[in-house]
Structures are given as structure tokens and as C-alpha cells.
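Only one chain comes next, encoded as C-alpha cells, the form predicted alone.
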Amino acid sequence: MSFAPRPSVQPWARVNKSRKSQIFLASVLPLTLSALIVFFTGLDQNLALVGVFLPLQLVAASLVGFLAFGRRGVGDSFLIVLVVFLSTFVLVLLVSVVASLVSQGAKAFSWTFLSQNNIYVSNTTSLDFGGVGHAVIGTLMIVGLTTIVTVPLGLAMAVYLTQSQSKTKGLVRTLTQAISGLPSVVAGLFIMSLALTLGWERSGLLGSMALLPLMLPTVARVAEEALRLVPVDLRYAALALGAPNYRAFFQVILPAAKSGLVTAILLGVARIIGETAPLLLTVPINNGTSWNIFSGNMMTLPAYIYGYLASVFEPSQNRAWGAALVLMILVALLFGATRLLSRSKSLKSKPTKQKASK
């Protein structure tokens, strides 16, 4: 019995030189034409990128797609070009923002800047004196208090929305979505008006209260999705083994959704750590270090940036850039912690190799 010879190259691995040449031309010609138009006409580069290069690239890619796959290839090529262009555009914007922040913030970044306060610092004081130490403390205290109050409420809402059979779940979910669209300045105005009505003193406590409705929807919705992603079979298996509902939830469903719940908490913290308007309205500014969140003035990083960025003096502007860099580092640490804590821990067992005896 004879068999046909096996091809040396798989069909999907064969190279079509003609198509590769078409793709190369479709990529190079629009860029070349756009560069020539900018060079001879003096057209703005940003305008040429959107008004000349992108249309030419779409036409060239659609033509290559039509020659290769017919009408179906036109839509695919159009979509690929748009996705690559927009992704590159967003990446360039992100890199430019981070590069600008690092280059400008590095002028003020030092251990002195991280540890000292600004109690004897003016707009023209050298960067060798003063820093954001008091602002970092105030931000961590206010955000920490908000987190302590919000996390139990958000997780309780998520458990209610996923485990309860009540008819009011739709109303709770609708209210949560409505609160998520609340502007931060409105939350700050509401807490400030409430404090004026009741005669409360402006303090870090009011700032935490203003940040609470901004963090709560994020924690509740992300935690709800994390609980919904747990397979229902796990719950049924626990119930089949005789476990009551509460034990099935706490010992099976909750551990399975732990990484998603940690992500919900950290994303909620990242959501509020850079909010400025509520803190400007509810927390009075203090250039010294304050450890009392319930009374007195307190500085936060967003308020620090807002105050010094409006100055016309270069040292003050450098302080604002340095504080923005510190805030970005805090947010980066939060997202890094999210990736680290939400990473699933799987036991990797190496199979043992046994030699077969003949």
C-alpha cells in the first residue's frame, strides 16, 4: 500500500511573493506621498497624518484586500488599518505624556522633595527646600479612609446583586450605574453644602466622604463581574456535597473570585487617588504636615499640583510637575499590585518520566 508524499511546507506557511510585494507597496506609497505633500506644500504634519496619510492608507489596503480576497478582503483591510492606526496613535500619546511627565518631574524629584513639607516655602524658593511629603501623607490617609468604608459596602452590593433573588436587584444595579456617572465636582459640592448646613468643619473626613460615591460604583460593578465569572458548577458541587448556601459562598465562590475582588478594590483606589475638585471644595489646604484627618487643614497631591501649577514662577511649576510624577508612581504601584495580586496561583507539577522496559 503506497501513500502520497507529504508536502515539505504546510499550505498556510507558503509565502506568496506577489502578495508580499503588494502589501509592501500599500504600506510605503501612502507614507511617501504624504511626506512629499508635507515637504512641498508645508502642510501641518498632524493634519497631513489624518487628512492625507490615513485616507491613502485605507484606499491602498482596501485595494490589496480586494485583489487578494475579493469584497471580503476590503472590509478586513479597512478594519485592520483603522485598528493599527488608532492603537499607534493612542500609544504615541501615552508615551509622550509619560515622557513629558518624567522629564519635567525629574527636575524636582529627590529624597528631600519626597520627605519635606512646604511650611516655609514660597513660589520662588529653590527646589532644594520643601517637598510633597505632607501631601503624600494626606492623600494616603484620605484615600485609605475612603477605602476602609467603601470596600465592605461595594463587596456587599456585589454579593447582593449576584447571590440574592430579590426583585430589587434591578433598582440597585440602576442606582449604581447612575452614581458611576456622577461628576466629581457635584459630589464635592454636595458634601460641602451638607457640611455648611450641619455646621461641620472642613477636614480630611469630608474629603473622604466626597470620594466615597466615586469609588463605590467601581468596586461594586467590578466585584459583581468577578463573582459572575465563577462557574456555577462550583456552587452546585458544593451544594451537592451538603454544604449550606453561606458555606458554599464563603468557602468556594469567594476564594475562586479572590483575584477579581482584589482587582476591584485596587481599581477603585486608582479611580479616586487623582481626583481634585472634591478635595479642593472639602479639604482646606495646609503647607505643614497633619496627621489628624478628622479636624484641621490637610494637603493632598491633587491640591498641591493645582496650587503650584497656576504659578508663573519656574520653581513652583517644577514642584507641580514633581508632584504629578509622584502621583503617577503611586498609580503605577497600584496597577502593579493589581497585576501581582490578581495573578492566579496555579500548582505546576512536572510529570515524571519513566523509562519503559522492553
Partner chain sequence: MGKLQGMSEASVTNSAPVRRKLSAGPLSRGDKWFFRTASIAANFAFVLVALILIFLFIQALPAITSQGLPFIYGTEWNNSKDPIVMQIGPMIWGSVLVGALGVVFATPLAISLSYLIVFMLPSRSAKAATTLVDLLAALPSVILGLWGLFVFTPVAAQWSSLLNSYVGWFPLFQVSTADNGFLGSPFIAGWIVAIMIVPIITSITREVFSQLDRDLINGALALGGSRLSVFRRVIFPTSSGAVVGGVLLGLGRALGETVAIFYVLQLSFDFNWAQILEPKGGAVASMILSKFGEASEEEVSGLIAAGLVLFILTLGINFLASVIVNRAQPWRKI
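Everything numeric in this text was worked out from a predicted model, so none of it was measured. Numbering follows the first chain given and starts at 1.
Keep in mind that the form predicted in complex with its partner chain is missing from the display, and what follows is about it.
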Item to check | Contact segment among 122-130, 108-116, 135-143, 224-232, judged by heavy atoms lying within 4.5 Å of its partner chain in the predicted bound form | outcome: 224-232
Checklist entry - Is every one of Ser18, Phe24 and Val262 within 4.5 Å of its partner chain in the predicted bound form, counting heavy atoms? => result no
Next on the checklist: So in the predicted bound form, is its partner chain close enough to Leu327 to count as touching (4.5 Å, heavy atoms)?
Outcome noted: yes
Checklist entry - Can Gln317 be called a contact residue for its partner chain in the predicted bound form at 4.5 Å between heavy atoms? => result yes
Checklist entry - Would Leu206 sit within 4.5 Å of its partner chain in the predicted bound form, counting heavy atoms only? => result no
Next on the checklist: in the predicted bound form, does Asn287 come within 4.5 Å of its partner chain, counting heavy atoms only?
Outcome noted: no
Checklist outcome for this item: The one option of Leu67, Val28, Leu309, Ala35 with any heavy atom within 4.5 Å of its partner chain in the predicted bound form is Leu309
Checklist outcome for this item: In sequence order, the residues of 249-282 that place a heavy atom within 4.5 Å of its partner chain in the predicted bound form are Phe249, Phe250, Arg271, Gly274, Thr276, Ala277, Leu280, Leu281
